[in-house]
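Here you get one chain, nothing else, as C-alpha cells; it is the form predicted on its own.
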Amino acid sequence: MKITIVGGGFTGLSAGLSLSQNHKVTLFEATGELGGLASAVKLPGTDWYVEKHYHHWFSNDYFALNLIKKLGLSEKLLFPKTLTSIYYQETSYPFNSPLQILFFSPLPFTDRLRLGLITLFLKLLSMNSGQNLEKHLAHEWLRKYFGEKVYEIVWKPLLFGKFGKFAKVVNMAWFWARIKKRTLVLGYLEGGYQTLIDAMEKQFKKDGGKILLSTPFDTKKTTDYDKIIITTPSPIFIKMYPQLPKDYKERLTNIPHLHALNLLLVTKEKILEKEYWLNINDRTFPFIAVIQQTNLVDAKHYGGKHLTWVGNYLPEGHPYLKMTKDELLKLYLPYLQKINPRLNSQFLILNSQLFMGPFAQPVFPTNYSKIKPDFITPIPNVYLANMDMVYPWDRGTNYAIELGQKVASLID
C-alpha cells in the first residue's frame, strides 16, 4: 500500500517505523524538524541537545523503553536520582516519597497520613477501577476524600495552576492516571531525546520510508494514497478537512486544549540547588513549575552552563502567549527571586529561549471515554491519531509511540 503520515512527532515516526517494512510510506512534516512537542535544539557551546519542552520517561514507560531497546540505545539510557518538591509559603518541601509526605509540615500529621493512604489507594487501583473514576469531577473527589486542608494546600494549586478556568471540568480518571503512572526514578537519554528521534529517522529511511520536511500535506491529494494517518492536533485536523460532518467536528471541537509555554533559561549557576522538579503551590505566581534540567543531567554536557525551564499551560488568547521572551522574563524574575534570592543581576542569565507548543494539553471532562476520538474518521481511508486519544493517561512520548504502533496495526 501507499501510505502517507502527516506529522513528524513521535506518533508519526512510530507509525512509520511499524509500516515502512511492508508498505511504501511517505511522512510529511510542515516544520523543518522532527519530534513535534519533543523536538530539540542545540544551544551554542553544548554537546547535547535539549528539548524545547521538558521531557523525561518514567521507569514504567514500556513503549518508549522497548523502542529504545529495539533501536540499540539501551546503553545510552540514564536513570539518575532526582528530587521533586513543592513550593509553598516561600519554602520548598521535598515531595518525592511516602516518608517525605509524612514530614510535610504544612499539614497536620493526621492529614499527612490521610494524604499518604489515599494516594496509595489510588496507586493500587486497577485500570478498570481507575477508568471508572471518570464519572467524577477531580476537584470534588479530591476535596471529599483527601479532606479540605490537603485539597487546599496540595491538590488545588496544582489543578488550577495547570488547567485554570478548566480546572473544574477535569475528571478524576485523568488525575488517577497521574498518580498511577508516577515512578520514583526518571529516565533520560544521552544526547537528549534527539538521540531517539535520529535513530527512528535512520531506521525509517533504512526500511524505505521517505520524509519530507518543511512540506505541508496537500489534502487535495488524499486520493493519491491508499491510507492516510493524520497525527496533528484535532483543531488542525478539522481545518485540513472542512468537509468533515458537522456532528463529528462538534465532537472534536468540544475538547478544550491548552498551549504549553516554556521559558528556557541558561544561567551561570543553578536556579534550583537540589530539585529537578519544583511544583509551585502558590497561585500568586505567574507560572506552575520550575524544572532544573541540570539536576537531571550533568551541566558538563551543556558547556558547564545550567538549564532551567519555567513552565506554563495556558488557554488560547492568554496574554502571556503574546509576550516576548524578555517580557516574560521580566514578569517571572521577581517570583524566581523568591525561590532563589541569589538570582539577581550578579547571578548572570546568559541566554533565554521561549517555546510555545499549541494544543499540547487536552482537557478531559467527565465521561470522556464516550466522546474520545477514534482512529477511524468519517473520511474513507483517513485515520486520526493524536494526544486526544491517549486518555486516561497524560500527554507524553511513551503514549505517542504506543498510539503510532496501534494505528499502524489497525491499518496493517
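One rule holds for the numbers: they count along the sequence shown, beginning at 1. Here the structure is a predicted model, which means the values were calculated and not measured.
What comes next is about the form predicted in complex with a small molecule, which is not displayed.
Student: Which one, P341, G317, P242, P216, lies within 4.5 Å of the small molecule in the model of the complex by heavy atoms?
Tutor: None of the other options qualify; the answer is P216.
Student: So the small molecule isn't shown here. In the model of the complex, which residue out of N279, N171, Q293, T232 has a non-hydrogen atom within 4.5 Å of it?
Tutor: Exactly one residue meets the criterion: T232.
Student: Classify F175 as contacting or not contacting the small molecule in the model of the complex by the rule of any non-hydrogen atom within 4.5 angstroms, answering yes or no.
Tutor: No, F175 sits far enough from the small molecule in the model of the complex that none of its heavy atoms falls within 4.5 Å.
Student: Flag P392 as yes or no: does it have a non-hydrogen atom within 4.5 angstroms of any non-hydrogen atom of the small molecule in the model of the complex?
Tutor: No, no contact at 4.5 Å.
Student: Would Y313 show up as a contact with the small molecule in the model of the complex if we use heavy atoms at 4.5 Å?
Tutor: Y313 belongs to the contact set for the small molecule.
Student: Within a 4.5 Å heavy atom cut-off, is L331 in contact with the small molecule in the model of the complex?
Tutor: Contact check for L331: no, nothing within 4.5 Å of the small molecule in the model of the complex.
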